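The chain below stands alone and is given in structure tokens; this is the form predicted alone.
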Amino acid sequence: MKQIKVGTIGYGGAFNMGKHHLNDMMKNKGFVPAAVCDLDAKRLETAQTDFPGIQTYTDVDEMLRKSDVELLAIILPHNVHAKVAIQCMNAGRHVVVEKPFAITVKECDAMIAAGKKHKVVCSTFHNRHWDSNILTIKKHLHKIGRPFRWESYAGHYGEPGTWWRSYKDISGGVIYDWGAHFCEWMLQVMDYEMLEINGYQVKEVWKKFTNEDELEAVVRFKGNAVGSHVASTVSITGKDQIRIVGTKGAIVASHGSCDVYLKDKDNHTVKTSVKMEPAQNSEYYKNVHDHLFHGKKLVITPEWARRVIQILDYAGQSSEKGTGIKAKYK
């Protein structure tokens, strides 16, 4: 295999993610841009300018019939991730789905089954698996002993934007955006079996939107460990983005800093601001490339991605039901 033809479904203007995905793919020898699908003809014109000669389509069925594109990045609203990914896998194509992988665990199960049935790659774009903050945290994690508590937060006070990410039936809820990243980082640090997920919500401020105003997901892990993440649009004061407590110390981190707290020989608490590791976000498509071309182990497997969605999905369900939900996938 000398090359794999790649493309995107979705080339929308928001964040210019279609161009970003194709450029990131092309950093790896053998990935060749072949096709783009989008409903907006103007965006397809932009794609042809960005990648001269690329095939363009306005319909996924037509793309799958006429194009020999082999790997597709799906960059669409969250509620259609599963449907379109399964459609592509049923046509024998490898898929990378923009995060979040899907909205529900049930959708994840169906996607995983389709990938196995057709023997194709099914992954999600957790490129932030290699962000500077989590790489730095993991480098220094051993210093704080066994981590038993993870707390993370992404919030502000302000009315959500008037677009699809503000509506729960499309977005999944307030926690599905940055929460997908924070919960994926949580699982890297809290390397334990999940036992139960609880959710706690507030929905009383932004009436014209259906997302929760705030949702907290709390995960109980085996071994007396707990992880929590808060996503909020009604948080008028901030807090640490990431706080990890271990048996010998603690780590407090943000996107651009990481502080390690330990006791010295005189039992004084000493804070050390450590050097941030460089981000390696291009490792995502490098790993997908190496998996397809050389058989290397896939890092972001669909089963790994499903664990993240289990937290987000079950937290939302729990907040509605008022009771914890046992983890199906440990």
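Heads up: residue numbers just count along the shown sequence, starting at 1. Computed from a predicted structure; not experimentally measured.
The next section is about a form of this same protein that is not shown, the form predicted in complex with a small molecule.
Of the candidates Asn127, Ser232, Ser152, Ser123, Asn127 is the one whose heavy atoms come within 4.5 Å of the small molecule in the predicted complex; the others do not. Think of it this way: in the predicted complex, the small molecule has a heavy atom of just one of Asp264, Glu303, Glu62, Asp40 within 4.5 Å, and the residue is Asp40.
At a distance threshold of 4.5 angstroms between non-hydrogen atoms, Lys248 is out of contact with the small molecule in the predicted complex. The closest heavy atom approach of Asp177 to the small molecule in the predicted complex falls within 4.5 Å. In the predicted complex, the small molecule lies within 4.5 Å of some heavy atom of Ile9. Not displayed here, the small molecule is kept clear of Arg220 by more than 4.5 Å at the level of heavy atoms in the predicted complex. Judged against the small molecule in the predicted complex with a 4.5 angstroms heavy atom cut-off, the residues Arg93, Ile112 and His291 are out of contact without exception.
Stretch 164-172 is the contacting one of 164-172, 113-121, 240-248, 134-142, since its residues have non-hydrogen atoms within 4.5 Å of the small molecule in the predicted complex.
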